[in-house]
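The data below hold one chain only, encoded as structure tokens and taken in the form predicted on its own.
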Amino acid sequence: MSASLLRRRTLIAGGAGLALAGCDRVIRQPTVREIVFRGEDMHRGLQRALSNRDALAPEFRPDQMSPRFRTNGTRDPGTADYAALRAGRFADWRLTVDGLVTRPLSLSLADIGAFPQRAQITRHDCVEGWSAIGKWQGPQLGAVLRAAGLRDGARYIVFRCADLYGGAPYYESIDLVDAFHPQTILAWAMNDRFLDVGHGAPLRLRVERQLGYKHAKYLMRATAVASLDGIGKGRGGYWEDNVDYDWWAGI
């Protein structure tokens, strides 16, 4: 178990101990929750500061790839719009790159394939408790962002997806350190084949030094923003906003 995961579990266990001691009634008060979240943000910032954000995730040999790679999250968006894109083999699909950029982009799969490509065999660690090793291929996210030209105020990239949660597109975000990490790619291929629906066709994020829920599937839009305020409930992602997952899920 990594040191960061151990620290996270220790903090969770400590919080549970407080609840058992009779503090659960108090901790649910909104003002106290805000204080706790501010403390979590401080801990997260310290954890990130102490981590080597440029370090590479381990890469593996082809013979080490898992015979089965489970799906995480949504298995099929199940919407009429996605079904139409799928029926057309994603010929009409586009990735919109917008927000704080000088050259907004609308990229087809052919455009994605025209960027320099990176292939990597890495381990996917799911918050549900399973791991698998697979091969991913696609352009580095950093190359796409450089083509769009980030403005000076950009600090985060927010991804919106074709799958809906509560009637709204799934969303996730990373900061620019992870966005320009050499192993952060927009993957269109898995194990030398086009992505299947369960694994995020036609395009998914691979941010290899974070847990699986950060690897957004069914990408439709990447937006450069200055702040996560106003994105969902302000914590940067669907699970972060609704299930209190960590925004920075480094491993």
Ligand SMILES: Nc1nc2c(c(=O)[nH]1)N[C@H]1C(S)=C(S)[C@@H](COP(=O)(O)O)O[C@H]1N2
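Source: prediction; values computed, not measured. Numbering starts at 1 and runs along the sequence shown.
The same protein also exists as the form predicted in complex with the named molecule; that form is not shown, yet it is the one meant from here on.
Between 221-229, 181-189, 58-66, 206-214, the stretch whose residues reach within 4.5 angstroms of the named molecule in the model of the complex through a non-hydrogen atom is 206-214. In the model of the complex, the named molecule lies within 4.5 Å of some heavy atom of residue 70. Contact between residue 126 and the named molecule in the model of the complex is found at the 4.5 Å heavy atom cutoff. Of the heavy atoms in residue 115, none are within 4.5 Å of the named molecule in the model of the complex. Residue 122 falls outside the set of residues with a heavy atom inside 4.5 Å of the named molecule in the model of the complex. Counting a residue when any of its non-hydrogen atoms is within 4.5 Å of the named molecule in the model of the complex, the hits in 182-211 run 198, 199, 204.
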